[in-house]
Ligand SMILES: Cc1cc2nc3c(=O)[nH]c(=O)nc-3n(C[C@H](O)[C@H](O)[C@H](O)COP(=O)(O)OP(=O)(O)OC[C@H]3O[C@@H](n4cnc5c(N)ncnc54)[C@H](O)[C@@H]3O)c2cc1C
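A single chain, nothing else alongside it, follows as structure tokens in the form predicted on its own.
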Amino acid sequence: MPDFIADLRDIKFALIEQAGIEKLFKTEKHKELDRGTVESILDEAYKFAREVLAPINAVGDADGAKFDKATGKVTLPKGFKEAFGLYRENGWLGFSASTEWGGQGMPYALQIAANDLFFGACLAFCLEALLTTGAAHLVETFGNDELKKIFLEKMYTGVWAGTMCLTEPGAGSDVGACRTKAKKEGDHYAIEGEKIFISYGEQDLTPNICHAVLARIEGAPEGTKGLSLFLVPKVRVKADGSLGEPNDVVCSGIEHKMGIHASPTCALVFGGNGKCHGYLLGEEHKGMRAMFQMMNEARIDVGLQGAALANAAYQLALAFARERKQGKNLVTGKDATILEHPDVRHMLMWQKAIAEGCRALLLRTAIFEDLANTSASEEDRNRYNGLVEILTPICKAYASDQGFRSAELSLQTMGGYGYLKEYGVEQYLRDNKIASIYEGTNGIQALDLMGRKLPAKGGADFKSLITLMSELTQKYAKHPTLGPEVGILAQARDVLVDVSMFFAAEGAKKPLLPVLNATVYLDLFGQVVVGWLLIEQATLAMPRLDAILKAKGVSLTDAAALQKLCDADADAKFYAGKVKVAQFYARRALTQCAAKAAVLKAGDQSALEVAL
């Protein structure tokens, strides 16, 4: 298998120079951080990804998790338990969690940047950590003092694990169809029901697994409004924090999947013998509201999965293209690597744009989340929180959809070799596909964006985002190099605003029209946002590139001299790449926005009218 490759410089650029993590150093919570520490942490994360996680990726894919029907136990592939021990010891699991409960207290954006590396190295391994910290955060937010004291530190430090249990047989995405029951019994509730598609619902990494379970208390109303949230440990915990007897939670099987083979996707039976104890998190009948905290956090992480795997696949395809010799250079007639062929360069440029643009989207959203939690004024906190709200479905859906398509292009770039397991890219493609399905399918994300996030607060969050784009377009409208691309962005932004207003008006008259077009609308939205961020990167890169060109006596318009400089100077290559990918995306992606808008505004409802 090829070595795992990541563009660490791009991660640092997107996090530090673009997203502006240094703004957090001025807050009370992160005042002890500095740029050098952030860069050192990312260096260590890359080292851990390469040396610990990447070596178990192909093994995990080939061997997969194993289920013993006789015992109900799940065994993870070779090396996973040892890797998990090192992951815990290095403090990565509770990296951004509260120091009060054993976490490191680092910025969420820095966690996302580190996870970019970890996900690309071995996604199947990382899913356990995501679920554990998400479930622990539920306990921290909604648990009583006793539950926090017993569970939190053990979960944030990885002594115990956690999961999210929503889906039931036959219900799919219809969470309101939940049939799992809860009955009050003294200081706990008796839980009875079955959940499916539970990632890491059973494993051999930790002695206890703490499940966040949605269930309906006796007499509660139907639908999501009647659901409550419970913490249900696999093993009961005594008052002193030690483990007691099993809690009647049994794994009845695991799924055999297209990808992420090493991540056990379990079916769990709660209370098959009437002895399953659960503990209420938050208030009765408000479980769905509480669970949305974990779901929204997970949706950003799932978007990151798409971006991280796209980046990893792109790096493999790029390395392959540099080495693979085939055919002749069309200009010189000499033997060529496939990197010299225009069609291959076109595919690689799309991958670069998608991978780097989606990474920028995830890191910018993460910074907004940090600022929402640390800003001094309530007005700023509300504004940043609103930006997170409206960008979350874009992060989840656009980054996962485009990440899969980018990985497909990586495979295509490598030709027949990309189709072979030992070259690594086909696993990235398979592992990537699930991201558009779980944590709410991308169709659901589109409905959430159009039906809830767009009109929220009278459209204030949408206006905040448009304002950020407008600030960039106004500032750089007459830029000598990027002016044309900034103009294209301004047009695409206006198209997005126009379409948004169209659906706001037409939705009242034709309620199914926005629903029918929600997915295409989200794709348009994501395309504009990523274009904004790529052009912003180019505006940051230009002064640095200009300084290098001036020092070397090279003109930006002299393609041959620029290429020669980039071959010799890593800084020039990096910054010139930022300019070129922004130009590429503006000319080839943002120019499509008007056509998409025309489709959306045409009012076609033939898909609803045809007899299928």
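Throughout, we count residues from 1 along the sequence that is shown. Here the structure is a predicted model, which is why all the values come from computation and not from measurement.
The form predicted together with the named molecule is left out here; the points below concern that form.
#### Entry: Listed residue (122, 446, 367, 198) with a non-hydrogen atom within 4.5 angstroms of the named molecule in the predicted complex
That would be 198.
### Query
Among 128, 356, 439, 301, which has any heavy atom within 4.5 Å of the named molecule in the predicted complex?
When the named molecule is considered in the predicted complex, the option within 4.5 Å is 439.
### Task
Could you confirm whether residue 457 comes within 4.5 Å of the named molecule in the predicted complex, counting heavy atoms only?
So residue 457 does not count as contacting the named molecule.
### Message
Check residue 112 for me: does it contact the named molecule in the predicted complex (non-hydrogen atoms, 4.5 angstroms)?
### Response
Answer no; every heavy atom of residue 112 is more than 4.5 Å from the named molecule in the predicted complex.
### Task
Although the named molecule is absent from this view, report whether residue 434 comes within 4.5 Å of it in the predicted complex, heavy atoms only.
Because a heavy atom of residue 434 falls inside 4.5 Å of the named molecule in the predicted complex, the answer is yes.
### Message
So in the predicted complex, is the named molecule close enough to residue 414 to count as touching (4.5 Å, heavy atoms)?
### Response
Residue-level check for residue 414: no, no contact with the named molecule.
### Query
Among 177 to 185, 269 to 277, 102 to 110, 253 to 261, which stretch sits within 4.5 Å of the named molecule in the predicted complex, heavy atoms only?
Contact criterion met by 253 to 261 only.
### Query
Relative to the named molecule in the predicted complex, which residues of 155 to 171 have a heavy atom no more than 4.5 Å away?
In sequence order, 164, 165, 166, 167 come within 4.5 Å of the partner.
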